[in-house]
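Single chain ahead, by itself, as structure tokens, in the form predicted on its own.
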């Protein structure tokens, strides 16, 4: 392993465990788990970002600056179907203007139809990397992502009813901590088996018909807990079964979002941008499955999700299901969020009864 290269990807849910495995076992470089997001992160990101850029950009920029200050020297940014495609180019320019020296792996610049382009960009991370090792590490990396998503899905649906408070979350955090130390597929499989059993053994006291809420929204904000003020945790504390389809397994690995336009064609006949069609399709699915409510989580400045918002109102009217819309920015009030959630809970409970 080349320990002189320290790579880092912005904080994004629980996926740093998978990225760590790919970079250390595939690219052969040291991986820095990104610093946890804090108010300081968003303050740093906001200070150096354009005023009206979407909030996820500010989180990513702030996270990258904190990582550089802690010793990272190789940064990575993903691509997307909206302004996310320009994040990498803009971030790199801002960081270099601030005087930082680093390698930058911008996935938006890769031509994925060209093996040569892929190889050239991979070598930005490590000029001496082995393509064979990267290919060999991919199946385990994908399986780690699937395991994380599956465990989190189980926790969302049961954390509000556990007999011992925070037992599921504490067990999952213990799993991630050990996962960050795994060196091969054999260790990962053993750990997965052990902690899947541990999670299922935690006692759950769930009523026959609990309140059920579906979460939809923009790709980053709905998946990164800090950016949405830990809304899933708040719902769980209210004794609500939480559903969220938006994750890497469904959108990238299984590519479910490709069918979203077809699923929601009654309401949207064309592509409204980014994952907004997926938002509509999932909201429609939750409504048809009889959930008690839907919450749209979006960042301030996310135009595709703003397009989806008006469509969700039509679904709410047609299926008589309440929908709550949250738009998060760096100035969002935590107290205001809790107040609106409590009112939404009271409305759902009254309708449920």
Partner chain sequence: MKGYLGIDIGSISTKGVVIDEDLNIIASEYLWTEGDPMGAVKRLLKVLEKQLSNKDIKIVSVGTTGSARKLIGVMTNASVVKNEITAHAIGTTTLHPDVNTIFEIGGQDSKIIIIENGYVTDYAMNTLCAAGTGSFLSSQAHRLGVSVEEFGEIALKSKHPTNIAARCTVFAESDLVHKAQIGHSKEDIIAGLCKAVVTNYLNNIGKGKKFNPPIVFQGGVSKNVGVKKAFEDAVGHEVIVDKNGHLMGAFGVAVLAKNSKIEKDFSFDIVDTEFRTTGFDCPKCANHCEIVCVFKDNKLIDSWGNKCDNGAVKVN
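In this text the structure is predicted, and so the values were computed from the model without any measurement. Residue numbers count along the first chain shown, from 1.
Quick note: we don't show the form predicted together with the partner chain, though the next part is all about it.
Q: 45 to 53, 312 to 320, 23 to 31, 280 to 288: which one contacts the partner chain in the predicted bound form at 4.5 Å, heavy atom to heavy atom?
A: Of the options given, it is 312 to 320.
Q: Quick check: do 4, 105 and 118 each get a heavy atom within 4.5 Å of the partner chain in the predicted bound form?
A: No residue of the spot touches the partner chain in the predicted bound form.
Q: May I ask you to state whether residue 303 is within 4.5 Å of the partner chain in the predicted bound form, using heavy atom distances?
A: Heavy-atom contact with the partner chain at 4.5 Å: absent for residue 303.
Q: Given that the partner chain is not shown alongside this chain, does residue 226 nevertheless sit within 4.5 Å of it in the predicted bound form, heavy atom to heavy atom?
A: Yes - in the predicted bound form, heavy atoms of residue 226 and the partner chain come within 4.5 Å of each other.
Q: Is there any non-hydrogen atom of residue 307 lying within 4.5 Å of the partner chain in the predicted bound form?
A: Flag for residue 307 set to no.
Q: Under a 4.5 Å heavy atom criterion, is residue 344 part of the interface with the partner chain in the predicted bound form?
A: Yes, residue 344 is a contact residue.
Q: Going through 35 to 54 from first to last, which residues have a non-hydrogen atom within 4.5 Å of the partner chain in the predicted bound form?
A: 38, 39, 40 sit within 4.5 Å of the partner.
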